[in-house]
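Below, in structure tokens: the form predicted on its own, a single chain.
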């Protein structure tokens, strides 16, 4: 059985690239810099279901993405979560937060409708993000 991305993630996100374990997605919501890591393992819904090696690799990849996002976007805080209430496939959100964003200090999930990137915003954002995703420094 080959890995398949959940249809909601496929619909709501733009694929950016691949790390050793995880597919990297950009949530198509210009209100928040927001990446999602999806471990490419079948039938996983929880982190504890991964092998010990995959758990460690996930932490390294997640920490790398969080650090790069925080630096690139000068975050006040990184929100990192594996909710899975709407999409059961294991995936980890990495959301850049600012004390001035419209949801602060509350969580962003379920608060606002997504605002898709314009073509120009998407081009700039993808160029910026692909640079550190392709560098694989984790």
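Numbering follows the first chain given and starts at 1. These numbers come from a predicted model, not from an experiment.
Form predicted in complex with another copy of the chain: not shown, discussed below.
- prompt: Is there any non-hydrogen atom of residue 79 lying within 4.5 Å of another copy of the chain in the predicted bound form?
  reply: Close contact exists here: in the predicted bound form, residue 79 approaches another copy of the chain to within 4.5 Å, heavy atoms only.
Partner contact for residue 100 in the predicted bound form: another copy of the chain, 4.5 angstroms, heavy atom: Residue-level check for residue 100: no, no contact with another copy of the chain.
task: May I ask you to state whether residue 112 is within 4.5 Å of another copy of the chain in the predicted bound form, using heavy atom distances?
output: Close contact is absent here: in the predicted bound form, residue 112 is far from another copy of the chain, nothing within 4.5 Å, heavy atoms only.
query: Does residue 27 make contact with another copy of the chain in the predicted bound form, using a 4.5 Å heavy atom cut-off?
result: Heavy-atom contact with another copy of the chain at 4.5 Å: absent for residue 27.
field: Triple contact flag 66, 84 and 104 to another copy of the chain in the predicted bound form, non-hydrogen atom at 4.5 angstroms
entry: So, yes: the whole triplet contacts another copy of the chain.
- request: Give, in sequence order, every residue of 30-57 that has a heavy atom within 4.5 Å of another copy of the chain in the predicted bound form, or say none if there are no such residues.
  value: 45, 46, 47, 48, 55, 56, in sequence order.
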